[in-house]
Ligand code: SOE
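One chain follows as structure tokens, the form predicted on its own.
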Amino acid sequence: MAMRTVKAAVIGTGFIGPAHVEALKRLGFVEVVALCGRNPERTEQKAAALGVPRAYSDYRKLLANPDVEVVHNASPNNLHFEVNQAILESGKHCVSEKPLTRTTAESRRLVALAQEKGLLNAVCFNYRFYPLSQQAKAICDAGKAGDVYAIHGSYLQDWLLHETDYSWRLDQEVSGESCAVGDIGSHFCDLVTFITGHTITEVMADFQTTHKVRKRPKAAVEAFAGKTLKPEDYEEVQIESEDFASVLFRLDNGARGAFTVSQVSAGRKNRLVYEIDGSTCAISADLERPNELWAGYRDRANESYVKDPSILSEQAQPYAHYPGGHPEGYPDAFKNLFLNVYRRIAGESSVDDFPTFVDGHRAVAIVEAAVRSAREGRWVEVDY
């Protein structure tokens, strides 16, 4: 029997909002009925291009639409608390981009509100939903990696390499106190704790602001499409947020870990690499190569998994939709995440097999502890 149709709306017309729309449309039983953005003309254009029938420039008017059952919040970080709270108070289920909020004071309030309202809530930690991320979790869940001794890795990008690179993510009033750790370090922490089942309890962080002064375009970058910016097209702005960080951490089982995040690493476009060292084997992946997973052994030959549902564990198989040799990656991870969320909403599932506001709150708490550690130069306990 086909699942009932669920009607959804997406707030946000930047990079990630349309990615949500496209992933939802692939589910087959979800109808995206509205798109919301602050610029009315741009939102109308985006909605038409994506085949979404209604366009709003005020999210409150969208929330008044009785047809909408679920709302995705892909607005800038400084709006996450306000918009997520309004979604829940309107009686609609909420799927939020990360970070859930900029502070734990706000995230705790959202966790409590969602519980009070009895509404489904999710946060978009999409890297959990690569088929081989699920395979790595299956290995750990089955005890095949043994006891976790150490976790290490990095998440590297280059989009803030030049002093003329600028984003609202560098504005602490919009993004929050952290840039690199909050933006991409949160993904690393969520992924490795999801795979291992262990919790980060303490952090020791060292932050670097590579460009303490950046040159911000005086007008929106889109306005300069097709022309090279000249010196007079920029204004200098002071930067406080980190674009590089190293973080040591301790786990609830006493194991140690370390990760590096960078948005100034030339040639690295979106490279999340992790290694989990267990007493039986180590498992490692580079998510720029999402169809590969490595397992290392002391006393026998190492193994390489490829994304092929016929050889994956039963736990991972549902997340691989194409035969081996047919790559699946970033857009497919969103589809997998949203499929679990919407099966729950449609009444076809009774488990929350996706990151919830509780997971979003935990990520905010880790980032908050890292910011404090970098500022005070000491180990800081994560206050969940």
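Residue numbers run from 1 along the displayed sequence. All of these numbers come straight from a predicted model, not from anything done at the bench.
The same protein also has a form predicted together with the named molecule, omitted here; what follows describes it.
Taking non-hydrogen atoms only, residue 183 approaches the named molecule to within 4.5 angstroms in the predicted bound form.
Contact between residue 127 and the named molecule in the predicted bound form is found at the 4.5 Å heavy atom cutoff. Contact check for residue 157: a heavy atom falls within 4.5 Å of the named molecule in the predicted bound form. Although the partner is absent here, residue 330 is a contact residue: one of its heavy atoms lies within 4.5 angstroms of the named molecule in the predicted bound form. Checking 137, 92, 98, 102 for any heavy atom within 4.5 Å of the named molecule in the predicted bound form turns up a single hit: 98. For the candidate set 253, 115, 238, 270, a heavy atom within 4.5 Å of the named molecule in the predicted bound form is found for exactly one residue, namely 270. Stretch 157-165 is the contacting one of 157-165, 142-150, 308-316, 273-281, since its residues have non-hydrogen atoms within 4.5 Å of the named molecule in the predicted bound form. Contact here is defined as any heavy atom lying within 4.5 Å of the named molecule in the predicted bound form, and by that definition each of 15, 169 and 187 is a contact residue.
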